[in-house]
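Below you'll find only one chain, the form predicted alone, shown as structure tokens.
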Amino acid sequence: MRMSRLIDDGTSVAVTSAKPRLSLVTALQILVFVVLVAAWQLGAALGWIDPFFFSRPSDIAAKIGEWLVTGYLWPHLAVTLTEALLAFVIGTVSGVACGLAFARIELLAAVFDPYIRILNALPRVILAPILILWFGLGMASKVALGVTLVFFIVFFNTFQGIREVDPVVRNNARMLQASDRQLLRHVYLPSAMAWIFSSLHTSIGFALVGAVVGEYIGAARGIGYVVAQAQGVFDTTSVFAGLILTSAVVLVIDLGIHRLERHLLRWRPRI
């Protein structure tokens, strides 16, 4: 896309602004991945990296393939995904609802502001054993830990998104006799949607982290349990395999959220 702008002397200068092609970006991403994996494999083969501590990409790929073929992975992955999705949904819904309420009711925000900040400052890793004591070793404790991670991210983004609504748009809607429900549906939520989706990209990763950390501390199933068992016998390959699988799952879900965001926010002009 070419644009022209005038400089002080009145001359016109052409400025080229173009987004990189998707194919080029994809090719460069694949190239970076290949280079990193090749360097890792080469370093392990030449003795620059100790395979006992860092394993090898080939061994990790073989371990993941073994898990997939034998079916060992699927029950654990299903448990972790269930916990993460429940935490993501509960944390997102409650975060959006509370963010809307606090942004619309000044007294509520003023009274509970210090308590929200104190709760957000609590270390979640230290909170995990307490949640296990409260809810047991089952799925509930992992979901609760994930909710504590997701809620505050979504809450603060929703709160800020509502506060950033253009006052001109809001006042015009009120002049047209829009009700509170119509303001919420047609003004506040559309304006805050970009903020909310921005928080979701981060939240899904934290939901999965909460589930895995909870399983790592105490569980009988799940990816965190697999990683904990592998660490107990110094099986670095299985530890890396579990971590890479977790990252891959987050990436796939994040791509789905990105597609949903593009669909729901298609009314926005693209730069």
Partner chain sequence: PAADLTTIRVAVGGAGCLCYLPTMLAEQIGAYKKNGLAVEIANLKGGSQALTAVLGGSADVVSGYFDHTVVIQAKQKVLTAFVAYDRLPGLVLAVSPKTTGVASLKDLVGKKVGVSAPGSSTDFFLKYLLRKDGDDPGSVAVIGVGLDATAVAAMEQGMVDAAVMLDPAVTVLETKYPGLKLLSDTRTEADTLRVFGGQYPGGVLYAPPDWIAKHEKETQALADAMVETLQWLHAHSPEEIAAKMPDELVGPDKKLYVAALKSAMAMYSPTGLMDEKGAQAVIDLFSQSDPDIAKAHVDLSKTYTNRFAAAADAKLGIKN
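The structure presented is a predicted model; accordingly, all values stated were derived computationally and were not measured. Residue numbers count along the first chain shown, from 1.
Unshown form predicted in complex with the partner chain; subsequent notes refer to it.
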**Asked** Only one of A101, L137, A78, V93 has a non-hydrogen atom within 4.5 angstroms of the partner chain in the predicted bound form; which is it?
**Response** L137
**Message:** Residue-level contact is defined here as any heavy atom of the residue lying within 4.5 Å of the partner chain in the predicted bound form; does I217 satisfy this criterion?
**Reply:** yes
**Prompt:** Are any of the heavy atoms in V89 no more than 4.5 Å from a heavy atom of the partner chain in the predicted bound form?
**Reply:** no
**Asked** Hey, in the predicted bound form, is V233 touching the partner chain, heavy atoms inside 4.5 Å?
**Response** yes
**Request:** May I ask you to state whether I64 is within 4.5 Å of the partner chain in the predicted bound form, using heavy atom distances?
**Result:** no
**Request:** Within 4.5 Å of the partner chain in the predicted bound form, which residues of 36 to 74 have a heavy atom? Give them in sequence order, or say none.
**Result:** D50, F52, F53
